[in-house]
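Just one chain follows, in the form predicted on its own, and it is written as structure tokens.
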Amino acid sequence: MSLWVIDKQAMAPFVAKLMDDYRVVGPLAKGSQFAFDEVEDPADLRLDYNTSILPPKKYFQPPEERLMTFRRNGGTTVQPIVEAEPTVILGIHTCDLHAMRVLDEAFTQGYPDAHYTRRRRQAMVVSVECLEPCMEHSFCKSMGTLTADDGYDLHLTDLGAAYAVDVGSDEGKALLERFAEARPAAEADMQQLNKVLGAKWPRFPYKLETEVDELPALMSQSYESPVWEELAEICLACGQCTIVCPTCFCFDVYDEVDLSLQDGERRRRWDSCQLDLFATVAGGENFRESQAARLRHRFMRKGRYLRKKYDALGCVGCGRCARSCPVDISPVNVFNELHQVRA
């Protein structure tokens, strides 16, 4: 929509003013790592972070949440619970922006999820351009998520002494006008922005041995590949890969009832297709009983199923799963091995 500039010394006052009207969350240092958390002091905000432990999806789909309460008092009284508050999420990387697009499709198609959509409507997204690879496991360039043209209200690019601010929505423009000391970008700012963006691309290597658009066909042709059994030999079925994934959205719904059996609440929490009970149905049947089948399902979702359903790949190349895996299963290595076996 338009391009503005905020001097870095004006960022802390900008965040402080936002905190007066919104819950503000962003990347904060947690020991040697970073996590999205509520900002209490603007000086603690780390827009220069590499990657976060959990993706920012937790503010739209919390790890655990209440869906409703119920009471039996001669009849049954049900009270839906939708907990949401106006929030500004600062510092989202472009790979996570692409992941949010997948979640938006998943939670709004068919029967829209009231809990997700309420939080999404009340959230403002301020993203940041990645100028260096987050870590050795990242492969966002291969997945086409190294940059984004939309999905944000404001988008920041580090110019050195200032941030270039791309306005992506009317709501973002209102944030900028109301809370920030910003100025329209001048010709010198545009030249610096082009220089910074031009210099970033050589820093990110391509890691896939196949084109990203060929992944759905590769996965289809690899359904019976021996690679799945080989991976199953080392996989611990811990589910860590799905917990840190920005596009995984599976959940388990359960009820908690008090000792009187009169009051209770329905809750949901993140679940993982890698756990052995995930595909267990009535009668004790499990339609993905083997670990090889569960691993194959996960990679099929990342490389084929979600592309077919939502026209977006389920992997954005963030590298969190590879970093978190205790036995070093990496999607780059898996996709490349499948490509080599097919060739």
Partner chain sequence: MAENGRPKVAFFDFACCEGCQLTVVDSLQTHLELVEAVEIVQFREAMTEKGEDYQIAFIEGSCTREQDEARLREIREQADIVVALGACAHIAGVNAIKNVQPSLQDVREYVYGDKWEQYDSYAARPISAVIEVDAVIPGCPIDRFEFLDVVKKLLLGKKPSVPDYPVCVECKLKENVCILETGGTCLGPITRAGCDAIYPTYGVGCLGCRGLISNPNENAMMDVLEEAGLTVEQLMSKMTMFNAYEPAHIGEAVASPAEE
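Positions refer to the first chain, counted from 1. All figures in this text were calculated on a predicted structure; none of them were measured in a lab.
What comes next is about the form predicted together with its partner chain, which does not appear here.
- The stretch from 203-211, 237-245, 190-198, 143-151 that comes within 4.5 Å of its partner chain in the predicted complex, counting heavy atoms only, is 237-245.
- When its partner chain is considered in the predicted complex, residue 277 lines it closely, a heavy atom lying within 4.5 Å.
- At a distance threshold of 4.5 angstroms between non-hydrogen atoms, residue 333 is out of contact with its partner chain in the predicted complex.
- At least one heavy atom of residue 58 is located within 4.5 Å of its partner chain in the predicted complex.
- Contact annotation: residue 327 falls within 4.5 Å of its partner chain in the predicted complex, judged by heavy atom distances.
- Judged against its partner chain in the predicted complex with a 4.5 angstroms heavy atom cut-off, the residues 53, 63 and 257 are in contact without exception.
- Of the candidates 182, 232, 218, 159, 232 is the one whose heavy atoms come within 4.5 Å of its partner chain in the predicted complex; the others do not.
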